[in-house]
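Listed next as structure tokens: two forms of one protein chain, kept apart as structure 1 and structure 2.
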Structure 1
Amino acid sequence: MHTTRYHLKDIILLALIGIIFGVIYYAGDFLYNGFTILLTPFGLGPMANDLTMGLWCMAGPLAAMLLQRPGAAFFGEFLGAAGEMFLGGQWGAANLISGFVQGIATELGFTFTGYRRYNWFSLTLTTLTATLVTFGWDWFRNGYAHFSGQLDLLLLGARFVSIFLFSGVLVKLISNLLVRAHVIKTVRS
């Protein structure tokens, strides 16, 4: 049985993940704005959100893979969003709401495995839950309900690919590198 207690080193690691990803998320704001400018003339401006969503959902799965404890994905994601807000991210305090939703979404994938598996399977589950939950949130918050069914499917597909690449593949590669560098002991399968 893996411990569910957080020790000081775990809290420090979560804080570091929050700070590092706060900076990454803040930089992602500029990427989002660039995609919006490029895609709007083609009627695809909303797709900027979906293309960058994977970047904004990385802190949670990485925290879960490194700490392997219940709540790590939620706290990692929420702290990353808080870091972006404190750096002056363009959405201000709304980042906390997004971080809350994305934190729950990324935590669900690990919850469904009973916090026993930290591997490709759990990352794939997290990719699916993050895609569906965040898309559902944007359905209401960003007015996706008013788009055509065809555009919604395109946005959902783009979001899934983005989350799979950033929060799945890239997180797995980073955690594997950290295991090889002996920064963390092992990623439990």
Structure 2
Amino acid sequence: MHTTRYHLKDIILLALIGIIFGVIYYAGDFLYNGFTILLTPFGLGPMANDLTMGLWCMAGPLAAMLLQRPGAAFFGEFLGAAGEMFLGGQWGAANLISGFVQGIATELGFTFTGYRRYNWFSLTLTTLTATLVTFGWDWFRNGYAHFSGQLDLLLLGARFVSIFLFSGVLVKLISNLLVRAHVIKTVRS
């Protein structure tokens, strides 16, 4: 049985990963605002949220691939959000709610595979759960329920593409490098 305990070192690492991703896609913030301004005149303003969602959901799957134990994805997202809360992010404590939702969203793919697979399959599954859970949350929070069915489908599609590309493909490419550098010891499949 793989370890399920979290030591101090793991906790620091999880929080660091969350914050590092935040620093790297700080550019994502501009991207988000830029997309929003660009898309709003076409009635697609909320789509910026969907298009950048993959970036916000990267830390979780990557933490899971790195530490390979229950809760890693959740902590990766949540501790990162807790860090950002104090690093001058405009959302303050509201970060924690998004971090919580995204943590659960990205954890589920690994839960459904019994925390035994850390490969393409579980990663793809996680991009699906992440898409559905975060979309479900926006259904209420961002009023997606009030949009036309057509727009919702479009947003759902955009969100899946973004999450699949960043939280799926890119995370897999990064973890491939980590595997080859012997940082991730074995990928159990």
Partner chain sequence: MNPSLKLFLVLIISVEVSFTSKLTVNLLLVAAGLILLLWTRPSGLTLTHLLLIPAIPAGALALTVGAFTPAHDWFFAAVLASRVYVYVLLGSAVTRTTPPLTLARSLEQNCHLPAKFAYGTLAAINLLPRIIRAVKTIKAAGQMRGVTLSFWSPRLYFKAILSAISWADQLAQAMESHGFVEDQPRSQAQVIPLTGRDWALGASALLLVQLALVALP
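None of these values were measured; they are calculated from a predicted model. Numbering for residues begins at 1 and runs along the sequence of structure 1. By rigid core we mean the largest C-alpha set that fits within 1.5 Å across both forms.
Asker: If I had to pick the form predicted together with the partner chain out of these two, would it be 1 or 2?
Answerer: The chain shown as structure 2 is the form predicted together with the partner chain.
Asker: On a rigid core superposition, would L108 pass a 2 Å threshold for CA movement between structures 1 and 2?
Answerer: No, the C-alpha moves less than 2 Å.
Asker: In Å, how far apart are the CA positions of A82 between structures 1 and 2 with the rigid core superposed?
Answerer: The alpha-carbon displacement, core-superposed, is 2.3 Å.
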